[in-house]
Ligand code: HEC
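Presented below, as structure tokens, is a lone chain in the form predicted on its own.
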Amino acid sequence: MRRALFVGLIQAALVAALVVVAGPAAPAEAQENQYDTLVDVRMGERVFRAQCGRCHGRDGRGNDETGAPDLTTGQFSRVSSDAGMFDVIREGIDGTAMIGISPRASDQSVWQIVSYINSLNLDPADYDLPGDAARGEQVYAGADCSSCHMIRGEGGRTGPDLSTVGSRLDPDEIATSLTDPDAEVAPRWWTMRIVRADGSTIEGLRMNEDTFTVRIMDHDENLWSFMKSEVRSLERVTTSTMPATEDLSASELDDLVAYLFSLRRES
């Protein structure tokens, strides 16, 4: 009798423990991020690069080819809070390519990813730049940058759109892209050199490529499509088409950086 009572008590205790362990977690909306130290940001960066970087890029700046959005702007169409971001990372978004993180990932890891993404949003108040943005706009116009780049719908399309470049790159990164444009060239901005069946050559930006076809845009912004089986050869050129700004003085470069960093997404 006593043994049966003892076993019953043990079973009841186990059931209670299982309810506590396996019971539904509190929704993210009812929680706050308690993992927002510098250490948490670094840990979040590791997990992000391992599980999210394949689509969003290791730096979080998105991927033109996969359609994954830039996460460095601090502006998100589907979430307006850290809790909402937690839910998207954890569960994904139905009907889109955004899938949830591995179910083996702890809530702590998800919150650390949230902290890392928040750290990517650049705050202009954190920078004291030597250049002048107004003078930089004049440098931009004088160097004919608009022949390749677009700002708010004005300019060319053979280089990246700079309308919100200050939300994506910090001043040092902008300066590097100007002085050493080959340092980091995204596949979207690679050039394709194609020798056609008649022996003529055409070059253009690599707009799209798969196993059988390639599509390019030439310097005059004309689009060309080719079947790979119908051309003599094709070559990917992974260097940038942008010339280095060697002709600018140090002060002009500072002004241009200040202007480009001022181009931000409207809040």
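All residue numbers refer to positions in the sequence shown, first residue = 1. In this text, the rigid core denotes the largest set of C-alpha atoms whose superposition between the two forms falls within 1.5 Å. Since the model is a prediction, treat every value here as computed from it, not as a measurement.
What follows is about the form predicted in complex with the ligand, which we do not show.
Colleague: Just checking whether T241 would be counted as a contact of the ligand in the predicted complex - the rule being heavy atoms within 4.5 angstroms.
Modeller: Yes, T241 sits close enough to the ligand in the predicted complex that at least one of its heavy atoms falls within 4.5 Å.
Colleague: Quick one: does Y127 come within 4.5 Å of the ligand in the predicted complex, counting heavy atoms only?
Modeller: Y127 lies outside the contact set for the ligand.
Colleague: If we define contact as a non-hydrogen atom of the residue within 4.5 angstroms of the partner, is R42 a contact of the ligand in the predicted complex?
Modeller: Within the cut-off, so yes.
Colleague: If you check in the predicted complex, is R54 within 4.5 Å of the ligand, heavy atoms only?
Modeller: Yes, contact at 4.5 Å.
Colleague: Considering the ligand in the predicted complex, which of A83, A133, M150, I101 comes within 4.5 Å of it through any heavy atom?
Modeller: Of the listed residues, the single hit is I101.
Colleague: Please pick, from E154, D123, E184, D172, the one residue with any non-hydrogen atom lying within 4.5 angstroms of the ligand in the predicted complex.
Modeller: Only one option qualifies, and that one is E184.
Colleague: Can you list, in sequence order, the residues from 96-131 that come within 4.5 Å of the ligand in the predicted complex, counting heavy atoms only?
Modeller: Read in sequence order, the residues that approach the ligand (within 4.5 Å, in the predicted complex) are T96, A97, M98, I101, I113, I117.
Colleague: For T241, state whether the C-alpha moves by 2 Å or more between this form and the one not shown after rigid core superposition.
Modeller: Shift at T241: below 2 Å after core fit.
Colleague: L205: after superposing the rigid core, is there a C-alpha shift of 2 Å or more between this form and the one not shown?
Modeller: Shift of 2 Å or more: no.
Colleague: Could you tell me whether the Cα atom of S109 shifts by at least 2 Å between this form and the one not shown after core superposition?
Modeller: Yes, its C-alpha moves 2 Å or more.
Colleague: If the CA atoms of C52 and D180 move by 3 Å or more in the predicted complex, do they move toward each other or away, so closer or farther than here?
Modeller: Compared with the shown chain, C52-D180 is farther in the predicted complex.
Colleague: Since the C-alpha distance between V41 and L169 changes by 3 Å or more in the predicted complex, give its direction relative to the shown form: closer or farther.
Modeller: Residues converge in the predicted complex, at least 3 Å closer.
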